[in-house]
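Just the one chain here, laid out as structure tokens, in the form predicted alone.
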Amino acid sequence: MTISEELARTIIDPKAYSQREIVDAAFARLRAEQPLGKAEIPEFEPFWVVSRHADIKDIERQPDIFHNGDKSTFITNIEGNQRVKMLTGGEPNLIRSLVSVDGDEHKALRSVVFPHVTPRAIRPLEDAIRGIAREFVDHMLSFDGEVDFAQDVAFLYPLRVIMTVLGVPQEDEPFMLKLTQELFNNADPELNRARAELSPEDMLKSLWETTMELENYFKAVTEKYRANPTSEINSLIANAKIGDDYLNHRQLMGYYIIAATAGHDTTSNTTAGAMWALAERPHLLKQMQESPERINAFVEESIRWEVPVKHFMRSAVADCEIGGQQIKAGDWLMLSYQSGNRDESVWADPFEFRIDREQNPQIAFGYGVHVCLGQHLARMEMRILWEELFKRLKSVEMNGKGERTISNFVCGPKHVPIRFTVN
């Protein structure tokens, strides 16, 4: 039942995720030998590692038993947990957002934006998003055959889309990109706030500083949109109420921050990962150009393939059984979406990028009541970008070694150097 400490440390090591084959091999071993085992690492609270697709779904469909907000929603050590509670006045998460609340509060917060991001609601955005996609395809082609697709396209295009939807001015986009990378890539010396290797204590200090900088920005946003409400998402958040009261400070800031950061970083990672897969597989571009109707399958496979959110944690509030194991009230569980999207019992050839899958029940967006609020917008913006790019690309291949961010939470490619020709 207990996972070896070596294996347990591997699956939470930010550096292992920067070399995906290492963490994929570790999870493949767990799925085969200990699909629901307990990790016991001295400096961490013990936690169950949920590695199978079916078990992850089973937990996610029971939000009344498995809570998001009772403990940290991402893996952190005991000392880090204590420091977060000191900073937040006792709460286990630095940011109080949709992913770290439960029950009626989650339902109320989700209802603020949900009606505005359904497939029907976002359909009128298609023309504007297509215009943005064409702008970034032109930008890519202006590099005359060689470009870092992650840095010069994938980081920037989803950023422009989500900032437009939120109502953030274009001149603020570099600021938002910088703070998003600091927030999600705190272990990566190339992207974190200090641009250096950080101790766990310094990482938390850095995260807090980034969070405060974001809060200062969104304080002005709140004042602006309460004075002059519009239809943009940030205005909906600024003016949202639960009952007769505006969202409290932590609810309000958490909503802004999750919408502005996760709203583009996850899509950026998926888009960069899709290009990396495409550049290593010449047949894929040919397939997509010969069968453009497969574009949705390409997008869905890229989501499964990249899995930008690697895990979330859940806390059991009652005794129950999952995957043949007895879970006790108070137990902490790590839902590995990285592993669930490689489950051999669900996908043939899970370590290959294939667009001919008859079914693709990927769980990269989560499942159940906490499924990603922006999933339909993310799919739309990726589909439109590839539609515009595929008809102009003649060939593409890697032009050097790709690199991934050092992070065990939200991460993906940070450098995808490619060489391309155009029609």
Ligand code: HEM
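Just so you know, these numbers come straight off a predicted model, no measurement behind them. Residues carry their position along the shown sequence, with the first being 1.
Form predicted together with ligand HEM: not shown, discussed below.
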Exactly one of A274, V153, M253, V309 has a non-hydrogen atom within 4.5 Å of ligand HEM in the model of the complex; which residue is it?
-> V309
Students should find that, of L373, I355, V396, M380, the residue having a non-hydrogen atom no more than 4.5 angstroms from ligand HEM in the model of the complex is L373
Is there any non-hydrogen atom of L285 lying within 4.5 Å of ligand HEM in the model of the complex?
-> no
Does ligand HEM get within 4.5 angstroms of any non-hydrogen atom of H106 in the model of the complex?
-> yes
Tell me, yes or no, whether G37 is in contact with ligand HEM in the model of the complex, where a contact means a heavy atom of each within 4.5 Å.
-> no
Does T76 make contact with ligand HEM in the model of the complex, using a 4.5 Å heavy atom cut-off?
-> no
In contact with ligand HEM in the model of the complex (heavy atoms, 4.5 Å), from 386 to 394, 42 to 50, 26 to 34, 364 to 372, is stretch 364 to 372
Pull the contact list for 41 to 61: residues with a heavy atom within 4.5 Å of ligand HEM in the model of the complex, in sequence order.
-> E60
